[in-house]
Each structure stands twice: as structure tokens, then as C-alpha cells.
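Each of two forms of one protein chain follows alone as C-alpha cells, named structure 1 and structure 2.
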Structure 1
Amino acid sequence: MTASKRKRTAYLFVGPFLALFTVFFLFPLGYELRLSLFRNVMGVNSFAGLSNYRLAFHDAAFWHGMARVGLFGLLQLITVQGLGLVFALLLDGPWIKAKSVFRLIYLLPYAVPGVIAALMWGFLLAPGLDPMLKLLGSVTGGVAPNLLASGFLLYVIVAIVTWEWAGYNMTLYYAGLTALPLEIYEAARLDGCTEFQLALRIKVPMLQTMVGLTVLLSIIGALQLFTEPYILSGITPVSPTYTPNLYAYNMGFNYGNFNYAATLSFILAMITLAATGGFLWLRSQRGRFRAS
């Protein structure tokens, strides 16, 4: 095959991705940027330059939402990645016999759509609907605890996301573990390595690439948090600025300020790109440091 034919073949394979990437990412992002440079005054869009961005950078509600999303991302990294890794190591060890059954049980929550999961958890934790909460309230001699109150809502969302995604990450980690050479395990056991030492010193370090991928996906998912607070807002009071995504949605579709909503969305997109790029850069620097 000549070089020109190889190029045409490469473009043939890459072409569909580039087309979809342009239509569903680059074009909306460009349109969003254009929309953010205008302001609607009396029904007429007039050029506003960077005034929307100056307003956004001084918008305390937006940055409080970003801080809340940052805390959520940190908590769900610990719970989702930690439980997923623990489940995978347990399945790969000698302790669990019916491995296929446990894999199915752990993965089942991932098959539940996020909207359904948020509704289900919302009704389970609603003080007036959950009989267990009513029983707890009667035992303690007071009213049933409201776990959906503003002070607990973030942790409820972390629990929902953990329930949904821990099994998915477990599947990725378990697939990575089953792909490791068995000779390494056998050599470690011959050297007197226990199962705990085998997991901690051999399996976990060899899963670094897979862990990096899941952490990257978690960072992107955390910054895009929308479904759970939006669905729970129909069950319990949730601030319209609870997350940046929710703030942009409400600003556009409830308040009709599409220009400012586009501004918030574009800033969030840039923060997401910066966070993912920063994470990939840190991983590359760590790899260079270890190589040297």
C-alpha cells in the first residue's frame, strides 16, 4: 500500500469521529462563544464584548457552585474509585467464589438511568415517604430526619453517584486485573507474598493507567453535575445556582437570559478543558520523573 493510500485509509477511519466532533462539540462551543459576546436589550441582541465575562467573574453564586462541584468531585473520587478498586481486588482474589454473580450485582446499578436513580433515592430518603426514617424518628422521640436538607444534599448526591458508578469502575479495574500476566502472581506467591501484599504492591501499581483513565472521566463528570440536583429539586428545595450547569440551565430556560447562560457554559467548558489538560500534564510529568 502506497503512502497516499495509507493516508486516505486513515482519513476514512478518522473522518466520522472528526465530523461528529465538529458537529456536536466545536460548532456548539463556537456558537456559545458568539452568543456570550452579545446582550439582549428590549428583545434586541446588541454586541456587549466581554461585559458578560466580567459579570461572571464577579458572580459569587457561580463560583460558590464551582466550589461545591469541586468538593463533590473530591468526595466521589474517593468513594467511586476507592470502592470500585476494592470490589475489583476482592473479585480477583481467592475470597469470592461466585464471581460472575457478584460482578452482575455490582454492575446492576449502572444499568439504571441517572434520572431514575435520582428519583428512587429521592423518594427513599424523603422523610414523609420512607418508613425506615419514620421508624427512626419515632424511636428517637422526634421527627424523621430530613437527609435531603441543604446541609446533607451534597452527600446524598455523592451516595447516588457512588451507587451508580462504583460497579462500572469495578468492571474496568477487574478487566485490567484479568489482563495481567499470571506468572507475576505466581512468582510473588513463591517469594512468600500474601494476598494483601500482592494486591497492594503488585496489582494496584499495575493498574495505574486504568486508574488514571477513570479519574479523568470522574473529573469531567463532576464538573458536568446536573441530573441529580435537577431531579431532586422536584422533591426538596435545591438552589437554582447549586451547580454551574444547573445555574446556566436556569439562567437560560427559566429566566430567559441565554447570553449570560452561554457565558457561564463557555467558562465551565474552559475550566473542564483546563482541568483535564492539567491532569494529563501532571501524569506525563510524573512519568518523566519516574523514568529519569
Structure 2
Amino acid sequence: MTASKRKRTAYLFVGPFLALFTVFFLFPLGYELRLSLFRNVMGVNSFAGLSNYRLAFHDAAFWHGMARVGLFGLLQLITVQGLGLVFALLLDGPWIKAKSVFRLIYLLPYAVPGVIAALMWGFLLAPGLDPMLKLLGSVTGGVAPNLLASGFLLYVIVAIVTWEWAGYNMTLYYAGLTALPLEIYEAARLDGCTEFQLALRIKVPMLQTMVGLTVLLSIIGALQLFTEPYILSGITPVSPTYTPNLYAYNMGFNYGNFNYAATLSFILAMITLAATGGFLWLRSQRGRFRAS
């Protein structure tokens, strides 16, 4: 077969993906950028230059939302990745019986759609519905605390997301630990390494690619937070600008301003790309530093 014929065959394989990717990713990406440079006044589109971006830059609600998902991302890193890692290390150590029971239970929330998880927790915590808060109320003497009040809401969402993903991460980490060669452990033990040192000095570093991958997914997930606050807004008042994604959604679909909504989305995309790209770059730098 000639080289040019091979190339044609290659496009036969890659073509369907490239076509779909162009129509449903590249084109919308360009379209979003274009939308963000226009303004719609009384149904007439006119070029607006960077004025939407100037507006967004001074839009305090947008940056509050951004700071909120940033904080959310950090907390989630501690609870989802941190707890996942702790659970995996505990299960991998010599202490625990009935490991498979714990592993099964911890992964169960993975079968629950995010919408349903948010609904259940919303139900459990909503004042007025509150089966759980009644319990709390009887402890504190009458008045149940409102955990969905605006000051607490973010932590409730962290708890929901932790419930959804900690077990999944534990499962991945545990599988990673199981794939490590035993010889390393033997050698470490012969050198008098305790279980704790073993976990910290050997198991955690060996898991770092896997942890890195889940952290990356976690950053992306945190910045696009939408489903949980959206669902909870049916149960408790949630600001329409609570997260950048929620803000863009409301701006586009409730206020009909697609141009400004596209601007907010595009900024969010660039910030996410900077965060994830920066994370990957940092990791590669560290790898290079170690190697040299």
C-alpha cells in the first residue's frame, strides 16, 4: 500500500471523530468567542469589542462566584482526595478485616446520579422537611439549625460532593496500591520501616500519577460546579450568581443575554485551562527537577 493511500485510510478512521469534534467542540468554541465580542440591542447584533470583558472584569458577583468555586475546589481536594487516600491506605494496611464490605459500601454512591444525591441531601437538611434536623433540634433544645442557610451552603455542597466521589477515588487509589509490586514492601520492612512510614514514604509517592489525575479531574469538576446548587435552589434560596456556571446559565437562559453569558463562560474556560494546564506544567517541572 502506498503512503498516500495509508493516509487516506487514516482519515477514514479518524474522520468521524474529527467531524463531530469540529461541529460540537471547535465551532462552538469559536462561536462563543465571537458572541462575547458582540452586543445585542433590541434584537440587533453589533460589534462591541472587549466591552463585555470590561464589564465582566468589574462584575463583583462573577468574581465572588469564582472565589467561591476556588474555595470549594480546595475544600473538596481535602475531603474527596484526602479522605479517599486515607481510606485506601487504611484498607491496604494489615489492620482491617472485611475489606470487601467496606469497599462495596464506599463505592455505592457512585451509582447515584448527582441530581439524586443533591435531592436526597437537600431533603435531609431542608428546614421544614428535615428528618435529620429534627434529631439535631431535639439535642439542641427545640430550634433546629438551618444548615442550608447561605453561610453553610458551601459546606453542605462539599459534604454532598464528598459523599458522591470520595469512595470512587478510594477505589481508584486502592486499585493503584494493589498494582504495586510486593518486593518494595519487603525491602522496606527489612529496613525496619513501620506501617505508617511505609504508607507515607512509599505508598503515597507511588500513587502520585493516579492522585495527579484525580486532582486534575477534581479541579475541572469544581470550577464547573452547577448541578448541586441548581437542585438545592428548589429547596433553599441560592443566589443566581452562586457559581460562575450558574451565573452564565441564568444570564443566558433566564435573562436572555447570550452575549454576556458567553463572555462569562469563555472567561471560565480560560481560567480552567490555566488552572489545569498550570497543574500539569508544575508536575512536569517537578519531575524534571527530580530527575536532574
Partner chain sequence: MTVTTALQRQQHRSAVGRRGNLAKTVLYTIVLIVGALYFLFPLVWLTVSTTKTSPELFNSSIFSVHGQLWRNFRALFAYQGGIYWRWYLNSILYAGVTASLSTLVSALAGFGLSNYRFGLKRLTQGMILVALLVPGSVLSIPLFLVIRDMDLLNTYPGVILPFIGSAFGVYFMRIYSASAFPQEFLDAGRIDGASDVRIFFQLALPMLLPGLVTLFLLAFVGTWNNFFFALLVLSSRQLYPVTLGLANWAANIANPSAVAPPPYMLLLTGALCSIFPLLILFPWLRRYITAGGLTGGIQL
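Computed from a predicted model, the values in this text were never measured in an experiment. By rigid core we mean the largest C-alpha set that fits within 1.5 Å across both forms. Numbering for residues begins at 1 and runs along the sequence of structure 1.
The form predicted in complex with its partner chain: is that structure 1, or is it structure 2?
The form predicted in complex with its partner chain is shown as structure 2.
Return yes or no for residue 23: a CA shift of at least 2 Å between structure 1 and structure 2, with the rigid core superposed?
Comparing the forms between structure 1 and structure 2, which are aligned on their rigid core, residue 23 does shift its C-alpha by 2 Å or more.
Classify residue 280 as shifted (yes) or not shifted (no) between structure 1 and structure 2, where shifted means its C-alpha moves by 2 Å or more with the rigid core superposed.
No; residue 280 is a residue whose C-alpha shifts by less than 2 Å between structure 1 and structure 2 when the cores are overlaid.
Superposing on the rigid core, do we see a C-alpha displacement of 2 Å or more at residue 270 between structure 1 and structure 2?
No; that C-alpha moves by less than 2 Å between structure 1 and structure 2.
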